[in-house]
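Below you will find one chain, with nothing else, as structure tokens; this is the form predicted alone, and questions on how it binds or moves follow later.
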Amino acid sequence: MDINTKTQIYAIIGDPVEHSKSPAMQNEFFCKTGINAVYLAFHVVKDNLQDVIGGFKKLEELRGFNVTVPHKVEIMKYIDELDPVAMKIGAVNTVVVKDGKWFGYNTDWYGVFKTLQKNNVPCNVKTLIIGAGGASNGVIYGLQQYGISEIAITNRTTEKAIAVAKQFDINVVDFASYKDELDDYQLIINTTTLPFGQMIPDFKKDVIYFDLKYYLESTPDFCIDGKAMLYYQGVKAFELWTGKIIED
């Protein structure tokens, strides 16, 4: 599709963002649905976020954008109206621009939900989440919506883990000793930026491993990676922006 003066603009902002597959995916969606739009990736460091947001506010062609680490929480202060789910999760990864107002949503949880569904993960698995960064809240909400109730979290900074645990009424496992308790869990989710192999001593056949990353070759083949999560959160974001549903 040709880019012209009527082309709508969509984007993703983050740091880093060079690895993102969202531009290729979303531009394919626009082509498939015949929408005159383009999706771009912008590398935005924390110190420049306010300036970038100021520029975005003045772009009449901007119809929406995605937000990735480390801006999913900070972006909330610039949103005019927060979706209740985004408010519950405490993070925004999708912004819809309509009639000059910014609406904030979180579609990460839906990506997690669909990933679990597509991989036939049982609802009765006892689950450990490693990491309490911006992605963990969406993961927990997705798990709970899926029907998984036994959830614990561990994090190098204990205070962060406690805060997340209180927010979602889950358990906390001491980071200093969590490796000794891994046998208690049937689903282990790595939400950190570190390779899974650095977070656990060994992989076991009867355990389900889910690594949110989709861009590292170090994620073992038998682990669930973040590709499905990326796809389905993007499908939901596209639907929010355009009203169009992308079929599987």
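Keep in mind it's a predicted model, so treat the numbers as computed, not measured. The first residue of the sequence shown is number 1, and the count goes up from there.
Keep in mind that the form predicted in complex with a small molecule is not shown, yet the notes after this line are about it.
The three marked residues, Y214, G226 and L230, each reach the small molecule in the predicted complex, with a heavy atom inside 4.5 Å. Checking 181-189, 26-34, 205-213, 52-60 against the small molecule in the predicted complex, the stretch whose residues place heavy atoms within 4.5 Å of it is 205-213. Shown alone here, I151 lies farther than 4.5 Å from the small molecule in the predicted complex, counting heavy atoms only. Of the heavy atoms in K166, none are within 4.5 Å of the small molecule in the predicted complex. Heavy atoms of K118 never reach within 4.5 Å of the small molecule in the predicted complex, leaving it off the interface. The small molecule in the predicted complex is not approached by L143, whose heavy atoms all lie more than 4.5 angstroms from it. Think of it this way: in the predicted complex, the small molecule has a heavy atom of just one of N124, N171, T157, S177 within 4.5 Å, and the residue is T157.
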